[in-house]
Structures are given as structure tokens and as C-alpha cells.
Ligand code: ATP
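Shown here is one chain on its own, the form predicted alone, set out as C-alpha cells.
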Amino acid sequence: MSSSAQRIKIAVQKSGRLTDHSFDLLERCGLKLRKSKDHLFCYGENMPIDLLLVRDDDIPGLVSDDVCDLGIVGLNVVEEKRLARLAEGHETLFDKVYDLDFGHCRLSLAAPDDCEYRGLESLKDARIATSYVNFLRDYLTKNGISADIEYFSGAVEIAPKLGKADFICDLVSTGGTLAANGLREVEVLMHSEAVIVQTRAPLSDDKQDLVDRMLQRLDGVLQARGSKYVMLHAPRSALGEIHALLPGSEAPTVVPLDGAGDKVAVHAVCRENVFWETLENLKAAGASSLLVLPVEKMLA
């Protein structure tokens, strides 16, 4: 059994919108986990990797302070905590090393439906409720806007109804919560998704090799998620047209068919959706015996 100092520690949101996606992704990378009785820790049974289950707001600090080697967290949290530490005179000692392509949302300004919004000028001397105080302050400063920022945790969208704010700044996914509270999105401050951050503290060669290996597996899992494996037969003379019809594919593998003269088998990994219309177009170009399969794992 490897010692604690030799094991990679990853900070993961204990509960929230990124939790299930994070666990699913790590398990797809081959990591088998056993959760502690207090549900605050997960032990990697087949790899020297452990998870600390914490609040998402704590993850950048745990990585920056070298308590954890890696963290999976929303870019919105990363930027808010980075600016908070800078405001306190502290450098953020972590780097974003990977975009995970889930947990997509945006940090936006929203106004009441009955508010006549005329651009950023409407924010001058206004009261804006948000839990993203540092990011909003930085955004307003860069745009030369002076406004009163009111810290509001929890259900920020109710602040205007309570008479606590004229506008709000909050995360938006579909906009349904805003609409239900008589608000509309008026400015997008940033687009966010889940990312991996890594401590700037030097890792041992073994630990860095393991991090690189995990990132390579992550890349393979994310590439496979939207990919399909297409197999078909076709006349060699139709290969140019067929290749052009295969969505998002690199050079396909072409194998002669025994005893079939000019006919060949074509195998290709398509990195985009393969629709019925695609198959119909391929058939019209001369393809036959078409088969589309999901891709479970990929390694470049």
C-alpha cells in the first residue's frame, strides 16, 4: 500500500451540480473508489489517488495551499477565489490544466422585467446583489462603472423583490429561475464549465507521471463521449466522396475485401453525431453494410 505522501489528492465538490459528473468521469478513467463512513473522503482502491469531498468554494484554496494536488471545480469559482486572494495581497498558487466540458453555465447580470436596461450605463450607482463580489467588482472597474455591490448568499434572484437590489449577478444555466422571479438576463460576464486546477508546488516524478496519465485518460474519455465508430463497404472509386461525408473523421482505415474486386471496407472514428441522413447520404454515394457503434474508450 502506498504511503499518504505518495498518493495524489483530488478535491471534489461533496454535493452539487458537478458532483455526479465528476465521479462518473473519474470512474470512466478506471478509478475504483471506496467512500469513507463519514462520506468526506474516497480512497482509490486500484490507483494511488484519493478524493477529498468538500464545498466547491474551498477547492481553489485547498489546491493553492498544496493540501490537494488537483481540484475539480467550476471556472466561476476559480476566478472568484483568484480575485479574492489577489485583493488580500496573496498570489493564487494553482494553474488551470484541463477543461472538462461539463457543468456549463454563465455568470450574468439580470434585471427585473419592468426595468428599461440601456447597457452598462444603467448600472451606474445601482445596487447589485451577488455572491460573486470580487468578480463583479473587477468587471465593473474594468468597464468604468461605479455601483454598490451587495453581498447576497443563497437565493440571489429574490433580492430585487425584497427591495435589497436593483440588479443581480448570478449563475445562469437555462434562465428558468430568472423568469420565475420576474428577471431577465441582460449581460453575460463570463462563460463557465468544470475545470481541473493543479497546485504549483512541485510534484515528485512519480506523482506527476500519474497526473499526466490521468489527464491522458480524461482526454480519451471526453473524446469518446461524442464519437462513433463507423464501418462500411464501398467501391474504391467512391472513397473520396464517402470520406467527405463522414462527420469529423480523420483519414479512415481502408482494407481490401477478399475476392470483392474493387470493393473495400472502410473504418472511421467520427467525432461528431452520425445522423440517419448521414447514413442515407453514404448509401447514396455507394456505401453498403453500414454499421455505427459507440466508442467507450480512446487513447491518442
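Remember, it's a predicted structure, so these values are computed and weren't measured experimentally. In case it trips you up, residue 1 is the first one in the sequence shown, and so on.
Heads up, the form predicted together with the ligand isn't pictured, but that's what we're talking about next.
Q) Any chance Glu157, Asn181 and Gly182 all have a heavy atom within 4.5 Å of the ligand in the predicted complex? A) None of them does, since no heavy atom lies within 4.5 Å of the partner.
Q) Here the chain is shown alone; which of Arg55, Lys32, His39, His267 has a heavy atom within 4.5 Å of the ligand in the predicted complex? A) Going through each option in turn, the one that passes is Arg55.
Q.
Between Cys105, Leu189, Ile149, Val186, only one gets a heavy atom within 4.5 angstroms of the ligand in the predicted complex; which residue is that?
A. Contact residue from the list: Cys105.
Q) Is there a non-hydrogen atom of Leu218 within 4.5 angstroms of a non-hydrogen atom of the ligand in the predicted complex? A) Residue-level check for Leu218: no, no contact with the ligand.
Q) Does Ser289 reach the ligand in the predicted complex, with heavy atoms at most 4.5 Å apart? A) Heavy-atom contact with the ligand at 4.5 Å: absent for Ser289.
Q.
Can you work out whether Ser227 and the ligand are in contact in the predicted complex, taking contact to mean some heavy atom pair no more than 4.5 Å apart?
A. Answer no; every heavy atom of Ser227 is more than 4.5 Å from the ligand in the predicted complex.
Q: With heavy atoms only and a cut-off of 4.5 Å, decide whether Ile10 touches the ligand in the predicted complex.
A: Result no; Ile10 lies far from the ligand in the predicted complex.
(Q) Among the candidate stretches 137 to 145, 109 to 117, 205 to 213, 171 to 179, which one is within 4.5 Å of the ligand in the predicted complex when only heavy atoms are counted? (A) Single hit among the candidates: 171 to 179.
Q.
With the partner left out here, which residues of 64 to 78 have a non-hydrogen atom within 4.5 Å of the ligand in the predicted complex?
A. The stretch touches the partner through Gly74, Asn76, Val77.
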